[in-house]
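One chain follows as structure tokens, the form predicted on its own.
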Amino acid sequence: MARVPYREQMLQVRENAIVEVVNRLLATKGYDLMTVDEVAAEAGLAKASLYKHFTSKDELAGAAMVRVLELAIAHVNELLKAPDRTPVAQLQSVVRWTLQVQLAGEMPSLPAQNSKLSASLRANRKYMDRLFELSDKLGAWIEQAQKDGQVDPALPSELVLYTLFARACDPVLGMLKASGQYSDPQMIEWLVATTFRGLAPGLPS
């Protein structure tokens, strides 16, 4: 296996650090309030140096969104190594992971459908490829869970998929966290339960 030149390694380390900053800012401030100057300052770089890696704010946000999709795909691939688990249990694990990432302040806010960022992401081939890959993997579990009667088969599968994606930016988690009354595991399990069981008592998970 060819060794990666030291310079390329350093560039990748710097790029990863930039994306981590963008991830955090998108999670805490959102795309509209995030500035390139702020990203450069928090990454410890001159703005000109930042532009050697990413030429625009859209590129910065796109890289952060790609990164979180790649992490989600990696998590799903790990879950696929345990085929004895039911499809609904796998979907619940994905939701738990999503909420844990959000609690860690590392989940970028999903862009509004009519936002400039949303349009930019639709034109981002790498982002769209990762999004379709993740959707296909989750979609297979959703369809099987519906066949098994663990998820309502009357619901359109895309509605179930979008509901799972919505947990990535669920404001309920932030509000519960801000109250200071509940532990992280409590909040995560409550949101997983309401995602799959709704608010009615006694329904099977």
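On a predicted model such as this, the values are computed, not experimentally measured, just so you know. Numbers follow the displayed sequence, beginning with 1.
What follows is about the form predicted in complex with the DNA, which we do not show.
With the partner omitted here, the residue from K137, R167, H53, R67 that has a non-hydrogen atom within 4.5 angstroms of the DNA in the predicted complex is H53. Taking a 4.5 Å heavy atom cutoff to the DNA in the predicted complex, the contact residue among M34, A63, A145, L173 is M34. Contact annotation: the DNA lies within 4.5 Å of heavy atoms from the stretch 55-63 in the predicted complex, the single such stretch among 159-167, 145-153, 55-63, 176-184. Contact here is defined as any heavy atom lying within 4.5 Å of the DNA in the predicted complex, and by that definition each of L11, R14 and A46 is a contact residue.
In the predicted complex, no residue of 131-160 lies within 4.5 Å of the DNA by any heavy atom.
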